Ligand SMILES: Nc1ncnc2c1ncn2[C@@H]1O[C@H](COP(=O)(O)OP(=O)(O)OP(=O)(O)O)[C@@H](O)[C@H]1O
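One chain follows as structure tokens, the form predicted on its own.
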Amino acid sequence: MSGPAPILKVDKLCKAFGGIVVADNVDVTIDRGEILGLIGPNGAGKTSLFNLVSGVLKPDSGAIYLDGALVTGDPLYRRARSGVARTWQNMMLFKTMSVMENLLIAPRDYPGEKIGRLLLMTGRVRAAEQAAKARALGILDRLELGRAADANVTDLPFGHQKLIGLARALMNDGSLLLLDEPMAGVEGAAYETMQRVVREEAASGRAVCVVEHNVSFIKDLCTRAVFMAQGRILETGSVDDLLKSKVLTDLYFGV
């Protein structure tokens, strides 16, 4: 008797830009409650894989399943509504908006997005807006940034801006969380907060995938990791096993 389907299943995914292959028959699964590490040198295809899974890019071939449903052909917005949440290397925050405004754009289903509902269902829209604000404040409190709700994002320290990027992803309460280099430039209290919240999200049942060059962060959080290079998955296993791999040390650490 087979177990439950993985939250994410990537099956023989391929993508190339001319002669540059960013995904070469990639197979990946992530189970509920798992934190999977995705490591490899720059240009390995890690962010491209995130772009394929989240709907930014369309694959040339292969399939993507989310919670057992085929989503390969779904555009970005449908992928987000299906429960794919992500952060970005450069954060992609709206610099002219407050922290709260950045978070309020991210819920999966907001009735005020459609003009008909906005005009005809004002009560429902108002209730959804209040619920979204309450959720945003709760997330900011978890990240110890509750006092920053009304601040402009550009007024915050860099580490706090990275946490706001995570907070915005958490506004999407779906089953899959993709974190693209969340620790780049983050240290001190923000580092500890990021680590704690990622653990909490996995414990709540989400599937989490982390692209990260900070190997210590990956080792502390992940029980399983994937090593990519030139668009291919070269090795999969425990973090400790990958760190002992000659393939990884030759390609990634250059030793």
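None of these values were measured; they are calculated from a predicted model. Counting begins at 1, following the sequence as shown.
Unshown form predicted together with this ligand; subsequent notes refer to it.
Trainee: Using a 4.5 angstroms cut-off on non-hydrogen atoms, would T47 count as touching this ligand in the predicted complex?
Mentor: Although this ligand is absent here, T47 would touch it in the predicted complex, with heavy atoms inside 4.5 Å.
Trainee: Contact with this ligand in the predicted complex for R199, defined as at least one heavy atom pair within 4.5 Å: yes or no?
Mentor: The answer is no: R199 has no heavy atom within 4.5 Å of this ligand.
Trainee: Verify the contact flag for H213: yes if a non-hydrogen atom of it lies within 4.5 Å of a non-hydrogen atom of this ligand in the predicted complex, no if not.
Mentor: Result yes; H213 sits at the interface with this ligand in the predicted complex.
Trainee: At the 4.5 Å heavy atom threshold, is G43 in contact with this ligand in the predicted complex?
Mentor: It does: once this ligand is placed as it appears in the predicted complex, G43 has a heavy atom within 4.5 Å of it.
Trainee: Would you mind picking the one in Q89, T122, T96, Q130 that has a heavy atom within 4.5 Å of this ligand in the predicted complex?
Mentor: Flagged contact: Q89.
Trainee: Taking this ligand in the predicted complex as the reference, which of V10, I233, L242, V22 has a non-hydrogen atom within 4.5 Å?
Mentor: It is V22 that has a heavy atom within 4.5 Å of the partner.
Trainee: So which stretch, 215 to 223, 62 to 70, 188 to 196, 34 to 42, is the one near this ligand in the predicted complex (non-hydrogen atoms, 4.5 Å)?
Mentor: Within 4.5 Å of the partner lies stretch 34 to 42.
Trainee: Taking heavy atoms and a 4.5 Å limit, what residues of 233 to 249 are near this ligand in the predicted complex?
Mentor: Heavy-atom contacts to this ligand in the predicted complex: nothing from 233 to 249.
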